[in-house]
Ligand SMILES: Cc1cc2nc3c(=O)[nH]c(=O)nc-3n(C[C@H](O)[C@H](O)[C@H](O)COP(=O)(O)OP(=O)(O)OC[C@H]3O[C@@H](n4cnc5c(N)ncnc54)[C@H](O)[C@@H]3O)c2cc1C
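Encoded as structure tokens, the following chain is the form predicted on its own, with no partner shown.
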């Protein structure tokens, strides 16, 4: 049975999924109202700020396959194709937002067993993968001359990339505004089929899309929050061309270069829903690991320490739930910028009644 294509659409949640969907729907001449519980432009960490602002923006299918599965890897490969196509259409873009220079996984000499285990797990999940190679001390220095020269072994994952996520979110908001969306910030909502419920009123729409992440917890109690902590530093003393992961027995630290001589540093995940500030222990571990990557970071200025909760289901896979008048898209977990393109294409396929071409079975649709 065919249904009419909705025209007047409400999107709850202005994180990564919400902004991408609003942008795509506006380009298809739909009317879009975008609701956000907090500010569209949060300058400082907030308890309800979207996880997309805290993320590092890595598009790392191989790295994430090691801690997930082949499905996440395949969705990540789609993301590597989709991001450049999308970003080429952004009119308000003033600087490059996507880089595909690969990523580098390294370990200190005493932790080489951690690197070996990473490679074994990678080969297990993605057998016969040919898009990475083992690199020695000289090759590491050729890839990233400013790293500590004591790193003797690593893995170069050539296909991986990263986006400048906060600048992307800013540009998407500008594009959405330019295309005529109705923007409703500081407006917490509840959702129902064809309906947005605010403190003041109930509003009817042809379709409601719920992208609220952890904001949807009351209506989706099966969601859990996974704590992530990041440290932002600024220095002109070191240059990096790509994300670098440091394997360690206690944590896997990553560092991602950003605009204006800035870097974001984080560990993978903490199974906790605590939103309180970064602890002294965490800040010491992040800072000391950063210093071991390169002593030049000693003079870096700490400009932000951030904490957020990533929305996840118990299987750590995303879900798109289709009902008449209501679509729910949630559960990006730690893979936000990796999985968002596949999820967006999935939702759009349902709306415009097109064949779903990207991992439909993995998204439980």
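Positions refer to the first chain, counted from 1. Just so we're clear, the structure is a prediction, and the values are computed from it rather than from any experiment.
What comes next is about the form predicted in complex with the named molecule, which does not appear here.
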**OP:** With heavy atoms only and a cut-off of 4.5 Å, decide whether residue 188 touches the named molecule in the model of the complex.
**Re:** yes
Original post:
Do residue 48 and the named molecule come within 4.5 Å of each other in the model of the complex, heavy atoms counted?
Top reply: yes
Original post:
Does the 4.5 Å heavy atom contact test between residue 342 and the named molecule in the model of the complex come out positive?
Top reply: no
Original post:
Looking at the partner-bound form in the model of the complex, is residue 102 within 4.5 Å of the named molecule by any heavy atom?
Top reply: no
Original post:
So which of 254, 151, 73, 205 reaches within 4.5 angstroms of the named molecule in the model of the complex, heavy atom to heavy atom?
Top reply: 254
**OP:** Answer with one of 30, 52, 320, 62: the residue that has a non-hydrogen atom within 4.5 Å of the named molecule in the model of the complex.
**Re:** 52
Original post:
Which one of these stretches, 92-100, 205-213, 128-136, 283-291, sits within 4.5 Å of the named molecule in the model of the complex when only heavy atoms are counted?
Top reply: 205-213
